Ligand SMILES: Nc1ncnc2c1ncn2[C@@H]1O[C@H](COP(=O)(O)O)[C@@H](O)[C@H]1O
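Only one chain is included here, represented as structure tokens and corresponding to the form predicted on its own.
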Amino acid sequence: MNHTQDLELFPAHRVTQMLFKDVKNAAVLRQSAVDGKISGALINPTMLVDPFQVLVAANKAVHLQTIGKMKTRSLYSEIIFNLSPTNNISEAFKRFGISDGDESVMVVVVHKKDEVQLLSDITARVDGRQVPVEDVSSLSDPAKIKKLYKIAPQEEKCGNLLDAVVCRMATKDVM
């Protein structure tokens, strides 16, 4: 159910993604994250194409933290910010962060290899059903994603939606 991957460029770090459906306590989770009581990024999965998109955002966040160039206050807020195609932090939280009424949530945790208790603590806080992370595409809203990232139909002829989204995420700092 959990999707854990080592970051090749940062061998001391791992990224674990957990997807939950039928979540009944999104408001409590969101407030806990705001208060710093949850060590993880809480993401609205309707704006995600694939788990790889989250991995790219987490890798970039760890890199920026390592070199001291984060634009937000925490690693987890930086992950949410990195998912956005714009440089507006509050807009990134509106689009990619969870809202009080959300019924699904993607939890992303950056941790060391021996920190498994952290994952079970977060899982215990979520009042919902955990599903495989690969199911995130069944929750996504491709029309909203295409509109937000301004993806033209021609782009999908030479690649797929994930390619276009990751390209926008990667180049937002240089455009």
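Numbering starts at 1 and follows the sequence shown. Everything quoted here is computed from the prediction, not taken from an experiment.
Missing here is the form predicted together with this ligand; even so, the following discussion is about that form.
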Query - Pocket accessibility when this ligand, as posed in the predicted complex, is superimposed onto this form, judged at 2.4 Å from backbone or C-beta - result: open
Requested in this report: Give a yes or no on whether each residue among V62, V110 and K112 has a heavy atom within 4.5 Å of this ligand in the predicted complex.
Outcome: no
Report task. Counting only non-hydrogen atoms, choose the one of 134-142, 53-61, 116-124, 25-33 that falls within 4.5 Å of this ligand in the predicted complex. Result -> 25-33
Query raised in the report: Is V49 close enough to this ligand in the predicted complex to count, meaning some heavy atom within 4.5 Å?
Result: no
Report task. Using the partner position in the predicted complex, report whether L83 sits within 4.5 Å of this ligand, counting heavy atoms only. Result -> no
**Report entry** 4.5 Å heavy atom contact, S77 to this ligand in the predicted complex
**Finding:** yes
Requested in this report: Although this ligand is absent from this view, report whether P45 comes within 4.5 Å of it in the predicted complex, heavy atoms only.
Outcome: no
**Report entry** Heavy atom within 4.5 Å of this ligand in the predicted complex - qualifying residues of 96-118
**Finding:** G97, I98
